[in-house]
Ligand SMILES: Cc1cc2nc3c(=O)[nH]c(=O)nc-3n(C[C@H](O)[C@H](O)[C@H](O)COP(=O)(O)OP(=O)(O)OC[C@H]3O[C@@H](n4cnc5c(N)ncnc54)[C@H](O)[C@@H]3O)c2cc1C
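For reference, the chain that follows is the form predicted on its own, supplied as structure tokens.
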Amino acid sequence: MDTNQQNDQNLQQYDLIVVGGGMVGAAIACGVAPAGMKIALLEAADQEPVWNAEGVDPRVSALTEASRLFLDSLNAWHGMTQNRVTPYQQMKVWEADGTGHIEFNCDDVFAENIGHIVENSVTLTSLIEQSKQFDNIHWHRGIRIEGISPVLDSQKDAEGVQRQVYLQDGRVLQAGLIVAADGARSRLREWGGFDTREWDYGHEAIVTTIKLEQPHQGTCWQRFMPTGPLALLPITFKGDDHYCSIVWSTTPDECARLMALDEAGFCAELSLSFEHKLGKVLSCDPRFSFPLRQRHAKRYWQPGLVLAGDAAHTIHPLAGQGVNLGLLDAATLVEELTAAWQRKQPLGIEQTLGKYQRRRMPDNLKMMALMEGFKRLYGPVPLPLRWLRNTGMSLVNNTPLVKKQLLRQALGERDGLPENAQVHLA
């Protein structure tokens, strides 16, 4: 058998290849599948993830109403509610150095909830189950990718361009478009030659699940300290409201000190840092920590290749917006790809991918700038600026119109979102 014949046997043709079987990649596949295109979904992990009903996943997301609507449009939300989602009706934010505070309540905008705290494994397993309803989604698990076809000049005519993914086992997958949804350390972004702007926040985040002396009150709690923000996110575990997931962002030295404590010592430190708002922290699950880094690709596409989710951008987790931005990328890409497919227009060309970038990049950059501003504003500052900060926070809390606008943003209501993620409040 000659080389060309062997290559032809190893070549598998698809309409769309999605690299990365996480929440964003699985959502994109589920969203475009009804249009009828043949989809390859590639995931490095050998085993399908399993949600554990007997424990709480330390990785959680504060899903906005916009994200919930998108997941519901994929028929994934119902399955998520059958496992575990925790709605929250209030947000309480306060300053460690002073008296400044803001409180939000869903009643202020006549909504049932502000959002839902959901374990990432709950969202992902529901999306995977939904993907199995489609014969045209082909999962490839335990996949090691060795490279992609050479980068094309984005200025050239890309009509009918076909991109290839080269697998370690010798197979070659080919499609009109490859979606890079392979996370913050995206190899496809690197192979595609996408330039990025990135920097360290100088923070590391500690995540775990804790049990408290008092119930969480359906409230997200956040305290800004000089070393970084501490967030407690409500989790209702087996009907018990005494649990929260924490995200504690702090300096590397402080993170190392906290991680070295035994459980009792860590719970005592956490109770003190949280000012005993819900009594003592009684216990905590194993802790995990990771460095925080902001990253944003200067462009999201080139002919036949597009970035989505963390492959395109990562931000500070202090407001829990990273997953929501990724899901909005997915929702927008689903809308653009479906429209192009129905027009019989190639998926990987500027008319399709350029519009996706124009819709998503400003929104992502705006949220990234906002998070960077919060991080700098609530870092160590001189006494006069701390006074101004406290005064400003209290002023916002006493200005209903401003609070309502901020709350609408928190629910995900803003212009330019795809139809399947549009929030309409009274």
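Everything numeric in this text was worked out from a predicted model, so none of it was measured. All residue numbers refer to positions in the sequence shown, first residue = 1.
Below, we refer to the form predicted together with this ligand, which is not included among the displayed structures.
For the options 292, 225, 111, 349, the residue carrying a heavy atom within 4.5 angstroms of this ligand in the predicted bound form is 292.
Though this ligand is absent from this view, in the predicted bound form it lies within 4.5 Å of a heavy atom of just one residue from 270, 207, 340, 137, which is 207. Every residue of the trio 120, 309 and 317 has some heavy atom no more than 4.5 Å from this ligand in the predicted bound form. Checking 194-202, 78-86, 137-145, 261-269 against this ligand in the predicted bound form, the stretch whose residues place heavy atoms within 4.5 Å of it is 137-145. The closest heavy atom approach of residue 175 to this ligand in the predicted bound form falls outside 4.5 Å. This ligand in the predicted bound form is not approached by residue 363, whose heavy atoms all lie more than 4.5 angstroms from it. Interface residue remark: residue 281 is not counted as part of the site for this ligand in the predicted bound form, having no heavy atom within 4.5 Å. The shortest heavy atom separation between residue 16 and this ligand in the predicted bound form exceeds 4.5 Å. Although this ligand is not shown here, in the predicted bound form the stretch 17-42 places heavy atoms of 19, 20, 21, 22, 23, 24, 25, 42 within 4.5 Å of it, in sequence order.
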